[in-house]
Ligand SMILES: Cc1cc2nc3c(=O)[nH]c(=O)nc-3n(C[C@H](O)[C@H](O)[C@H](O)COP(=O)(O)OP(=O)(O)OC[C@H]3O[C@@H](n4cnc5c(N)ncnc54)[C@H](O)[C@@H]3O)c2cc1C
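Just one chain is shown here, as structure tokens, and it is the form predicted alone.
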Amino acid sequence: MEADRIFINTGAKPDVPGIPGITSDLVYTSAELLDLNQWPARLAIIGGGYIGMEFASIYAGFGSKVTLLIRGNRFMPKEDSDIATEVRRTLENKGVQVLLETEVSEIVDTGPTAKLIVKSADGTVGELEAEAVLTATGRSANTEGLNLQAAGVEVTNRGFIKVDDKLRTNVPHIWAIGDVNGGPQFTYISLDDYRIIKDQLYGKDLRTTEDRKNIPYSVFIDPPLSHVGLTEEEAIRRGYSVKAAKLAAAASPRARQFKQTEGLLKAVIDVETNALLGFTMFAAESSEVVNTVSTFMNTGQPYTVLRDTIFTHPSMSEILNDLLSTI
């Protein structure tokens, strides 16, 4: 295939770990589990990332007994420990069992159920049975069959296509956009990739990935967890002197109306400049509120401006007034 311009936009696919027995018909990827037409009484999830957590929350809501099997020794290591503790507590209250430092060494298909042979950090070997097993251990570039080597297109050591800040590969007139280039695995990042390409073809060729500041994300558990900017731990590692504000989600009148009072909010402030460095919201409607905070952070104004902004009542946004007033 030849063309003046080639755009590779083939996305990513779920990784399947090399565990003996992983090919059992009772083992599913995140895509395959969506097609499951029978509710599993027990669901085992291999992996503690955001996809695994979302399915844990969904199936716990259906009534499944869910077990999260996590190799690491910390739950949600990318989040501050106080946020991770609150999320774990909420999931466990919904019936999700979280097992840290647990590795699956084999899956045995017994017919109606899958038997997982698990090994703990102390060497203890145990068994776990489930009607369905979800593998959620990451995603890889969907490049099989493209024959990238023939075109000389370089990839990273993880198999994603290398691109520069304008999404160009090392080969002139070939671009890679979306999940296949190894950027943040979000639909809205793919949309922004399109904007960068459009500016090159039809605009002033000024847009780059470096323009992206304070990108928010949401994990759609119940309630959703949303974050933008730095965590408190990240900010301290980068040398900032910080002060943090925390507030229980139950302080929101709107959350009480929703009868969704679980959760915690947190804001991280630079002591020297009063800049809002980061914001985390584990509460109802957080996926909407975080966009407001992200937009505000991009203005570069001190946190006090957001603290004193007038919001409608009752709304989840107005809790920002109360959160930032605790500083």
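Start at 1 with the first residue shown and count on from there. Computed from a predicted structure; not experimentally measured.
FYI, the form predicted together with the ligand isn't displayed, but the following is about it.
Using a 4.5 angstroms threshold between heavy atoms, Arg139 counts as touching the ligand in the predicted bound form.
Within 4.5 Å of some heavy atom of the ligand in the predicted bound form lies at least one heavy atom of Ser30. Remark: Leu146 counts among the residues lining the ligand in the predicted bound form, judged by a heavy atom distance of 4.5 Å or less.
When the ligand is considered in the predicted bound form, Asn170 lies well away from it, no heavy atom lying within 4.5 Å. Comment: the ligand is not present in this chain, but in the predicted bound form one of Glu285, Glu262, Glu54, Asp270 has a heavy atom within 4.5 Å of it, namely Glu54. The partner is absent here, but in the predicted bound form a heavy atom of Gly11, alone among Pro314, Pro17, Pro20, Gly11, sits within 4.5 Å of the ligand. The candidate stretches are 254-262, 60-68, 270-278, 46-54, and the one lying within 4.5 Å of the ligand in the predicted bound form by heavy atoms is 46-54. If you check the ligand in the predicted bound form, you find a heavy atom from every one of Asp179, Gln185 and Phe220 within 4.5 Å.
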